[in-house]
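First, one chain by itself: the form predicted alone, in structure tokens.
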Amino acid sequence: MDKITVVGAGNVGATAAQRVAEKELAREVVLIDIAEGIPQGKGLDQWESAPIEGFDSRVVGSNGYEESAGSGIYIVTAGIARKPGMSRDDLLTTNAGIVRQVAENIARVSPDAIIIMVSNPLDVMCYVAMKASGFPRERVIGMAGVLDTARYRSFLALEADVSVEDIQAMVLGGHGDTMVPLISYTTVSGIPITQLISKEKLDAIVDRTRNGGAEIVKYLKTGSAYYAPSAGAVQMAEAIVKDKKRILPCAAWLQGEYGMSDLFLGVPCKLGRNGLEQIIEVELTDAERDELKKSADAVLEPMKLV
């Protein structure tokens, strides 16, 4: 790909830009931020790491969108971050205004781009971006399920004392306290997780996954997670750039899937060159279906405010 742009040069954005460059997913990586000098400085610093890390993707910083014209993918991380005591929904109005402006600019300079949304509250920000850009659902997808699933898998690996690589799992639903880790689909190299970890311990892991972001915010005090979120966004970008047809849990605009319509919700998505290429409907237990419905309700509520 010729160009990938990351909007927002804070911790998530800057780390995402570095990962995109190191994986050489595009010839040029553009880092955009309204703060003067910050994207330029970080972009130059990243480019100076290229001879050591051995990548040729050129990283440039900019305060405007012209530099990003013709980008195939935009990873949007712009917005204020959570502070201790704040829920993702507390960020709603401020970030909706920021994301609306970002999406309009993207549509103006790169009308064929794919947007990977990272800003919180994630599911609602996807909706704001889709409305403001006028893009079809295939080209606006949210990074949440990949992150939530990574957290879930990392906790399971610790508990079962196995490699994270051998844990297959999926977390669906909204990116918040109502997310739905699918225990019925969680395995270690094909072995059901319920054979390796007790129900009590699994319940505790599900709970820790739901509060994974808040746990980190509490430690950091002045910001929120960025290593894992940036890794999640870049995994999605890589699946698109390389047309990998990966099945990843992402926030997608539902139109009848799982019996729901007109909202963004984390579901299994096939990602390839065209962005969202298919939503895969898996069979859920009654309990999982109820939880997914509850999660959808939690997303619909704040959607009315934007």
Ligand code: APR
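If you're wondering where the values come from, they're calculated on a predicted model, not measured in any experiment. So that there is no doubt, residue numbering starts at 1 and follows the sequence shown.
Form predicted together with adenosine-5-diphosphoribose (APR): not shown, discussed below.
> Within 4.5 Å, heavy atoms only, which of Met86, Val164, Ala204, Ile80 is in contact with adenosine-5-diphosphoribose (APR) in the predicted complex?
When adenosine-5-diphosphoribose (APR) is considered in the predicted complex, the option within 4.5 Å is Ile80.
> Of the residues Gln235, Ser110, Ser224, Thr178, which one places a heavy atom within 4.5 Å of adenosine-5-diphosphoribose (APR) in the predicted complex?
Flagged contact: Ser224.
> Partner absent here, but in the predicted complex, which of 184-192, 100-108, 128-136, 205-213 has residues with a heavy atom within 4.5 Å of adenosine-5-diphosphoribose (APR)?
Of the options, only 100-108 has residues within 4.5 Å of the partner.
> With a 4.5 Å heavy atom cut-off, would you call Asn11 a contact of adenosine-5-diphosphoribose (APR) in the predicted complex?
Although adenosine-5-diphosphoribose (APR) is absent here, Asn11 would touch it in the predicted complex, with heavy atoms inside 4.5 Å.
> Considering non-hydrogen atoms and a 4.5 Å limit, does adenosine-5-diphosphoribose (APR) approach Tyr65 in the predicted complex?
Tyr65 belongs to the contact set for adenosine-5-diphosphoribose (APR).
> Classify Val7 as contacting or not contacting adenosine-5-diphosphoribose (APR) in the predicted complex by the rule of any non-hydrogen atom within 4.5 angstroms, answering yes or no.
Heavy-atom contact with adenosine-5-diphosphoribose (APR) at 4.5 Å: present for Val7.
> So in the predicted complex, is adenosine-5-diphosphoribose (APR) close enough to Val118 to count as touching (4.5 Å, heavy atoms)?
Flag for Val118 set to yes.
> Is any part of 149-175 within 4.5 angstroms of adenosine-5-diphosphoribose (APR) in the predicted complex by a non-hydrogen atom, and which residues would that be?
Result: empty, none.
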